[in-house]
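Take a look at this single chain, the form predicted on its own, given in structure tokens.
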């Protein structure tokens, strides 16, 4: 397995482009699944629907609400896609990464927390009861998924002996972490759906609250929120590859292509779950998170820590 190295400037510029392509592909796949579920024919218009919707929102007039805090609302709106792109900067593409931070795993989690605050700001700033309810719903949801998510990341860092994403990739030479950290992997996938406020964890934008956080947004603002949702899902799918699936490791194909193939596979799985599982009630998800996910991820972290101690692994840099 070739070591991961800091790439040139063009790799930084490539990250948002790749994320956008993955997001559009995920949205198109979701449309295909919805069309099949409704018994409709899959045509070119179905596949092109995300691009058509983006074009429509670009020319749509922005909606304004009386006494809204525009600065707070638009800051939150912009931060959602920005946080997704910044989180993806530490994801290696084969043997090259846009940002080889020594604490890349912490950076990824920090950008998710930024997005958490951003969506709440977007809901609060509109001066709308529906946006406020949606924002607080996401905060409650975040409390339920963030701890299992953090424990999953801690488990990876413990197994790798490093907080670096490159270190996690190097530690999987011969055995991927998904094999002996399956609970952490499942918790990561669940949190990926939850942090992107997508189904089945989409109560923050539910129909019962007239769209929640999205209720008062139109035009470019709505496009940034909806696009940011897909960028977050794509970024999480991409991050699962170096954390659990060996990064660019694989036969015959170059490392960067294996990274893309694995990312597309994980993203496809997440979109399939998103389209097939009904919305989970917020109280049920909170109960599941605190009573099931947290104990299981703690147990997984303990088992990995015992294995690492038995191996006499070096201490983690930066911890």
Partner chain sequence: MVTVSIFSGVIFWVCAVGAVVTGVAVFRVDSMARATFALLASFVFAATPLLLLGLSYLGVLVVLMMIMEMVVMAVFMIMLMMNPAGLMPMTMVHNQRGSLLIAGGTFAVLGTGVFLVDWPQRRGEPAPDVTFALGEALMGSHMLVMLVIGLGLFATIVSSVVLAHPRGRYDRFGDDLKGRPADDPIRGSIG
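Since this is a predicted model, take the numbers as computed values, not measurements. Residue numbers count along the first chain shown, from 1.
We do not show the form predicted together with its partner chain, though everything after this point is about it.
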{"property": "Within 4.5 Å of its partner chain in the predicted complex, all of 69, 150 and 287 (non-hydrogen atom)", "result": "yes"}
{"property": "Partner-facing stretch of 255 to 263, 272 to 280, 23 to 31, 287 to 295, counted where any non-hydrogen atom is within 4.5 angstroms of its partner chain in the predicted complex", "result": "287 to 295"}
{"property": "4.5 angstroms heavy atom contact with its partner chain in the predicted complex for residue 133", "result": "no"}
{"property": "Close approach of residue 176 to its partner chain in the predicted complex, 4.5 Å, heavy atom", "result": "no"}
{"property": "Residue 109: touches its partner chain in the predicted complex, heavy atom cutoff 4.5 angstroms", "result": "yes"}
{"property": "Contact flag, residue 163 vs its partner chain in the predicted complex, heavy atom cut 4.5 Å", "result": "yes"}
{"property": "Heavy atom within 4.5 Å of its partner chain in the predicted complex - the one residue of 78, 143, 186, 210 that qualifies", "result": "143"}
{"property": "Residues of 95 to 121 having any heavy atom within 4.5 Å of its partner chain in the predicted complex, listed in sequence order", "result": "102, 103, 106, 107, 109, 110, 113, 114, 116, 117, 120, 121"}
